[in-house]
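The data below hold one chain only, encoded as structure tokens and taken in the form predicted on its own.
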């Protein structure tokens, strides 16, 4: 699972510290989920909303998603699915089918740069749920496991809500889309309670709706691509959009002076090796932003920008150079930048 803490939430409550009529602080519910944190800030306009009750509802929702999609829980629906033999159609929950289906759509858009069947390779490189020493795998093992990878080898049947694997050993991994889906689910729950101003963040995947408590757009910080730093690179204004960031500078290992990222290119079976360090994507749905951020990070700057432009999606990138870090973004991202 990706343990990424890429986004710093910048809530400018402190700017009102000198005001006599400072508004009451909005509730901020926080906790742990999916190996990371969650944070929910919202406008308490409905007096019937009780913070503790809402927190319990959110944590129940998150626990259900985790028990469906985690590879770290041995009896989760996904873990049990990973044990199923090939060519055996399996009926799955509507929730899991929805996430798998959307993952397949991003795989098609990115020509396989994003692929939920990459799990066996993630595990081989030591970034999965089983503890393995992080070292360079044997090339023969990589080539063998690549035969188990390929989104085209997973058959989904929407009518029966069933899936079937066409190769033995296929291992599904939803760590690059599940947190985004969880953000969307919490947003749906808040909307159902008539809450329309909120910011939801799960490990750096987030969505901001309406305005913040200062009646301004949500101000979100994009972190610098530095492994030992938590400084802000850019601040953007976010309204009614989801945002996800994927990077290679938090979860990695070094071997003989070379960095090996947790982001595996399904097409090569190896960690990405180009200069792109961080990708931030904006989208209406957080699960799509989450998956696209990973896809574009795998694709690299030129191909990633081309994909974002083709599907009309705002994207922001940070790449490494000999002289430091360089920013790249498409025209669609310009309107969100705070200069």
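Numbering follows the first chain given and starts at 1. Source: prediction; values computed, not measured.
One more form of this protein should be noted, the form predicted together with adenosine-5'-diphosphate, which is absent from this view; the next part is about it.
Undergrad: How about residue 281 - does it come within 4.5 Å of adenosine-5'-diphosphate in the predicted bound form, if we only consider non-hydrogen atoms?
TA: Although adenosine-5'-diphosphate is absent here, residue 281 would stay clear of it in the predicted bound form, with no heavy atoms inside 4.5 Å.
Undergrad: Flag residue 113 as yes or no: does it have a non-hydrogen atom within 4.5 angstroms of any non-hydrogen atom of adenosine-5'-diphosphate in the predicted bound form?
TA: Taking the distances in the predicted bound form, the answer for residue 113 is yes, it comes within 4.5 Å of adenosine-5'-diphosphate.
Undergrad: Though only this chain appears here, would residue 266 touch adenosine-5'-diphosphate in the predicted bound form if you measure heavy atom gaps against 4.5 Å?
TA: Contact check for residue 266: yes, within 4.5 Å of adenosine-5'-diphosphate in the predicted bound form.
Undergrad: Answer with yes or no whether residue 245 is in contact with adenosine-5'-diphosphate in the predicted bound form, where contact means some heavy atom within 4.5 Å.
TA: Yes - in the predicted bound form, heavy atoms of residue 245 and adenosine-5'-diphosphate come within 4.5 Å of each other.
Undergrad: Considering adenosine-5'-diphosphate in the predicted bound form, find the one stretch among 57-65, 39-47, 288-296, 308-316 with heavy atoms no farther than 4.5 Å from it.
TA: Heavy atoms within 4.5 Å of adenosine-5'-diphosphate in the predicted bound form occur in 288-296.
Undergrad: Can you work out whether adenosine-5'-diphosphate is within 4.5 angstroms of a heavy atom in all three of 118, 173 and 176 in the predicted bound form?
TA: So, yes: the whole triplet contacts adenosine-5'-diphosphate.
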